[in-house]
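Structure 1 and structure 2 below are the same protein chain in two forms, each given by itself as structure tokens.
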Structure 1
Amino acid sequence: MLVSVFRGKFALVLKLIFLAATSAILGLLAQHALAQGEFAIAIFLIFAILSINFVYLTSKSIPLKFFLPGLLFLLAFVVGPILYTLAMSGFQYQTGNILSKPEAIEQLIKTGVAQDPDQTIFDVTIGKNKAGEISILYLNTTTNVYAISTEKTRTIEPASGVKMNDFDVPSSSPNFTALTTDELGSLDASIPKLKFFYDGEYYLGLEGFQAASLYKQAIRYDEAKDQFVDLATGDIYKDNGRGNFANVNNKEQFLGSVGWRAPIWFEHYTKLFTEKRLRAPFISVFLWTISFAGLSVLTTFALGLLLALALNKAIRGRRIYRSILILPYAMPSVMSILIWGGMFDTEFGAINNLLGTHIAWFQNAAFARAAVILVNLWLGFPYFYLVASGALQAIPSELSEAAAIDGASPRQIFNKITLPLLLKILSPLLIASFAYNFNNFNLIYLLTGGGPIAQLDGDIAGGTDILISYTYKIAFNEGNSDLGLASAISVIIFLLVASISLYGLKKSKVLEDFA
């Protein structure tokens, strides 16, 4: 009965409804993506709509009906981010170079203004003139003249017709009507963009709803020549090809603090190996990352295997011991790391109190690295205990028995039979564990924050930073985040982990079993 529900006309109707709903949702998302200028996302969503309807409305490829959802998610959340990271690694993409070029030019024009020397401020009322244009009504206290200014004109208003509010600010006149509170609320977002004519040189810029200051444009953009001119000094600023307008007479002098994302191709990669300020910490962090990942796999596997061997024999209370051993694996890792962080505290930590020492664990690179390895051992050994226990059960006992009959000692049986077979079985898991620890961001970030670090010397990399935490600091540094350089390091991390993993799989010959 249940099987018949998923067949025939009823099943076809359900499928059509599901496809229609899915297509409608994806189509709506594609429309929003196009409206936001995210063309790559829109193209992918349109491709997904066409693929889903083609695969599930035809019988051209039966296997794709099962693989298509996974393939789409793979493209969206694996291939897409990798390609985007690769693309961004070739851009000048850092603090001050976040916007697109048109947006940067708009920002430079907007901020390239100077207030009048007297820093004049007028009390104003925002409203509309008789033509319905947005205007301001104000009193020039220097000349005692009332005026109405729009974006392009300024007209004198007779004092006899101007009415004042309770704060002695002109609020209305025969040619001017103040905006209501609701109308002012709708203007809130555009207030910084509004400019009102004052004279040939200055304009009035709003400072909220009730005041305006005199400004003049300090720079001028020449669209035909794609350059800015400093109106005070006459200096010319041109596109330097790296995301900034630079002074033609001084290439190191940029116009303002706003730039744009500009392609610099492989410069980030070459910087990592040619500039000492980047090369030295990068190499140091890379070596520690390899050491950390290798030691983490070695220690957790060794302890897990040792406990698995010990509990592989029938002993009293074995179930209780097994339950206790997997407790660190059952607890949330965040909680465990934070607890360990408190235990390593210099003044009040349990470890120093138990040992009778006063070690500043997180102030010395050697001690901090030892603490990181120890905490990771605590977090990781239950996993290898579980998989090693299962793997030991899969090894035929006849092999050990035959070796013992032939006179092999327990150590020889372990070295020649048990361990090689375990490594054969667990090689993919060991490689996966290495890749995980190579990018074990949570442990480093929560336990040491990558420290100790000499911030006063301008260092970014700390004594326990691994490549992923070092990349995070570069990408989200409060002083100067460099997303382009961080993307380049991310690409290198991806290539390293992929290469090491593929090499490990090849040497272990695991993939040959699936050929």
Structure 2
Amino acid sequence: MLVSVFRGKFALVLKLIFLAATSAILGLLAQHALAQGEFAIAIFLIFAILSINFVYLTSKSIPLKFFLPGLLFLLAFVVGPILYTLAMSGFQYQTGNILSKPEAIEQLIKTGVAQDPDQTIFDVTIGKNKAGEISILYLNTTTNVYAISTEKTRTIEPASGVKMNDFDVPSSSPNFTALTTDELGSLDASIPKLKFFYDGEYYLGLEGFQAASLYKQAIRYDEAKDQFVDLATGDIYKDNGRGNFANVNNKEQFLGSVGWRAPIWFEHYTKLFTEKRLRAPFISVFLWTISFAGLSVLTTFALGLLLALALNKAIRGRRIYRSILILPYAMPSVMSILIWGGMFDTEFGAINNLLGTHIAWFQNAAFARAAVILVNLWLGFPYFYLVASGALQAIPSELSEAAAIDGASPRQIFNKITLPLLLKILSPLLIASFAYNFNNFNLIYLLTGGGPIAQLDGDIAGGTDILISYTYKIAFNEGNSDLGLASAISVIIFLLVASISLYGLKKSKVLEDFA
């Protein structure tokens, strides 16, 4: 009965509905991506639509019918981000260098204006003159004369014909008709860009719908030479190849506040090893990451195995003990970490109260590291208890029985038989656990925030920072985030974790078995 549902015309109709719906959703996403200028995403989505329809509507490849969803997700959420991170690691991509170059030039031109020295600003009404041109009517408060300005002209309007509104702002005159609110709204996209004529040097730029200031362009962009000229000083600002227009006479002086993402190729990678300010913390963080991951695996495995061995024998209440031991694993780790954080508090924490001490756990690097390892032990031992329990069941009891008959002590049985066999079974999991802890961001971020950091000594990495939390700090620093450098470190982390994982897979012979 069930089989018939997945075969025949009914199944085909279901498939077609599914394909149509999937295509429609992906089509919507592609359209959004195109609208936002995300062409790579749009191309991928269109590729996904075509490949899904091709694979499921033809019989060219049966295995692809099973693999395609996974492959598409792999491309979208693994390969794509890796490639993007790799690409960004070669760019000057930090606070102040976020936009694209054309966007940055557009903003520099727009903001490269100067108000007149008196910061003159008039209340204005926006409307049309007799010729139907967009214009503004205002009282020039410096000369006490009413005027109508269009983009090209300025005409004096006799005071007698000007009518004022409730706020004493000129609102109409014989040569001027104010725009309605609907008309103003429909012109909002264009009128902020208008420059109304004032005196040749200055123009009137609108500040909303009710005011206009006197401005003049302070810089000029020469597209052919790709440079800006400061119109007041004559200084020239050229593309410095690093995402900013810099003064040719003073390379440290940049134009405006915005720059753009510029390719600097492998500079971030070389900086990590050549600049002492980055190299020293990078190496210390790297060493601590290795230590943290290694110690975490060692301690959690040791405790898990110990408990598994203890409960491997039939003892009274074994089920209850087993249930209790799994509890830390069942509890959301975020909650556990925060509770542990409170327990380690210097003033009010349960640990200091129990020990009768006043240890500043998170203000001292050694104590903070001990706390991190301890909390990770609490979070991680149930996992190894479970897998070790399972693995112990898989070791034939005849082996230890035979050894015992031959006169081996329990310690010898454990050292020579149980442990080697267990390690053989569990080594892929140990390696996977090492790789997991290598990137255990949650624990570090929630428990210590990577601290303590000796900022007074200029340190940028904390005592418990691991590579991933260190990267996060560089990428999302409040004042100055450096996404390019963070991407370079991410690439290095990826290479390390990928190497560890490959080694793990090789060790467990998963690939060979699969082949």
Partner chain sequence: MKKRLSVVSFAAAAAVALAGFAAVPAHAAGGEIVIWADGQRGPNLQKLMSQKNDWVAGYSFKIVSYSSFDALKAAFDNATEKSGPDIILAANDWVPTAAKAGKLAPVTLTPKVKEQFTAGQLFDLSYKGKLYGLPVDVNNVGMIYNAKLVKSAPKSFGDMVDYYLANKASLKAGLCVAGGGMSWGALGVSTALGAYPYKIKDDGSVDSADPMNATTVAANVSKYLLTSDGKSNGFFPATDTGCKDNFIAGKVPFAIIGNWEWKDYLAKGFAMNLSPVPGTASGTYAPSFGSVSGALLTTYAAKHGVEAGAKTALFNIFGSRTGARMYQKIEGRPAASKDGASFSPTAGQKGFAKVAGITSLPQIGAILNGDKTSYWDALPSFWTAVLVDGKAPATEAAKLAAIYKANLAKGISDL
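Residues are numbered by position in structure 1's sequence, first residue being 1. Keep in mind the model is a prediction, meaning the values are calculated, not measured. Here, rigid core means the biggest group of C-alpha atoms that superpose within 1.5 Å across both forms.
- In this comparison, the chain shown as structure 2 is the form predicted together with the partner chain.
- In the motion between the two structures, where one rigid part swings relative to another, the hinge among Val145, Leu419, Gly112, Tyr84 is Gly112.
- As a two-part rigid-body motion between the two structures, the smaller part of the chain turns against the larger by 12°, taken from C-alpha fits.
- Core fit done between the two structures; CA of Gln210 shifted by 2.6 Å.
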